[in-house]
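Heads up, the chain below is alone and in the form predicted alone; it's given as structure tokens.
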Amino acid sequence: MTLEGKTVLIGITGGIAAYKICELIRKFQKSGAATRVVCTPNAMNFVTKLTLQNLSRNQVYVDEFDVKEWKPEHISLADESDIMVIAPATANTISKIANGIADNLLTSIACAFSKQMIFAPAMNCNMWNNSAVQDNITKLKSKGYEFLEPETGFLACGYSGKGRLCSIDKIYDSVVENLKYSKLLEGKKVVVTSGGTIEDIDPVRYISNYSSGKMGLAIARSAKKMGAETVLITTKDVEAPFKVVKVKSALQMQKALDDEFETSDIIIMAAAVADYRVKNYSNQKLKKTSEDELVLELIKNPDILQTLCSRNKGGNKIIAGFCAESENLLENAKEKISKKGCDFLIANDISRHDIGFSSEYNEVTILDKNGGMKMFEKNSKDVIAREILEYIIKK
């Protein structure tokens, strides 16, 4: 993909892997991108300003108040760039940005940067595993920042472990991917459901399922990256750079979907909604008795997917459901898409232990109402999420 007309801002921090970023700059220049480089003062201990200027064909920024124009550099560089990459990202810089500290030019730009930012960390393995550093990484991820995790191998400090900067190709590809998909859903509202609903028996016990909510969250993240106004309706505790509606039961999920339905363009039902709920909820904890059996009377929950599809009379909304099956995957999926009346149905095999519930990976087959079908082979849920949205947009 050519990056003509795009401006990539590269932040280099004080780590031994700083010298590798010279190759990353060269790749961006070759692709046609305008490349700006900002360094922390400590980065200058590992790579020279002259080298970076020659490779980027631009001024290299280090000092915070070295202002040549009327515009403050930390604002102008943020405004004029389409994406920002911090590589290598040290534990120090990651932690500063996570906590809103802006004590040098790079961290000040990061504080003002409102577009996609990618971190490629590199550090000693013990620093990477430090709980405070991991907490800060989790905090940044929850706000939509992307992390390209370090690789495991021999480190410059003499240790062997996880901490090596990931490949330059991986960083480059991630930037290209983010720029390529940034506008596909601009102007659209995408509503995604995730997680397994909880149906209370009494104040202590409930009926639920093994859904982790990871697939729905990945779809919501991808929709946001593609420029959509994104709403995630979930049973899980999630911090995200888009609207999150926390629900518990199937009835609560239905109510939340009703509230978002009219203004939505695309609805993707990735949640595992309980088919039944307890008919007679007990306000007090049920006590164990001398009986060997306890009988719970269950009643059907509303079929939320089918109800939404029946409301979509004009067909002006795209509605997609999920189908989790342990056998006869495609046969059951074809029957379900016909019965529910949705535009798309994503089928995944929950009998496999390497994908699906709680896994970071998935493999799905997407069916459409016109008989089309496409399989997406095993990959990370983030990649599968992007592929699902691309397929829906294309169709």
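None of the values given here were measured: they were computed from a predicted structure. Residue indices: 1-based, along the sequence shown.
A second form of this protein, the form predicted in complex with cytidine-5'-triphosphate, is not displayed here; the remarks below concern that form.
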Worksheet entry | Interface stretch in the predicted complex with cytidine-5'-triphosphate - options 230 to 238, 268 to 276, 140 to 148, 211 to 219, non-hydrogen atom within 4.5 Å | 268 to 276
Discussion item. Under a 4.5 Å heavy atom criterion, is A324 part of the interface with cytidine-5'-triphosphate in the predicted complex?
Written reply: yes
Discussion item. My question is simply whether L305 lines the interface with cytidine-5'-triphosphate in the predicted complex - judged by any non-hydrogen atom within 4.5 Å.
Written reply: yes
Worksheet item: Taking heavy atoms and a 4.5 Å cut-off, does K27 contact cytidine-5'-triphosphate in the predicted complex?
Response: no
Discussion item. With the partner left out here, check for me: in the predicted complex, does some heavy atom of R36 sit within 4.5 Å of cytidine-5'-triphosphate?
Written reply: no
Response to the item:
Applying a 4.5 angstroms cut-off on non-hydrogen atoms, the residues of 332 to 367 near cytidine-5'-triphosphate in the predicted complex are K336, K340
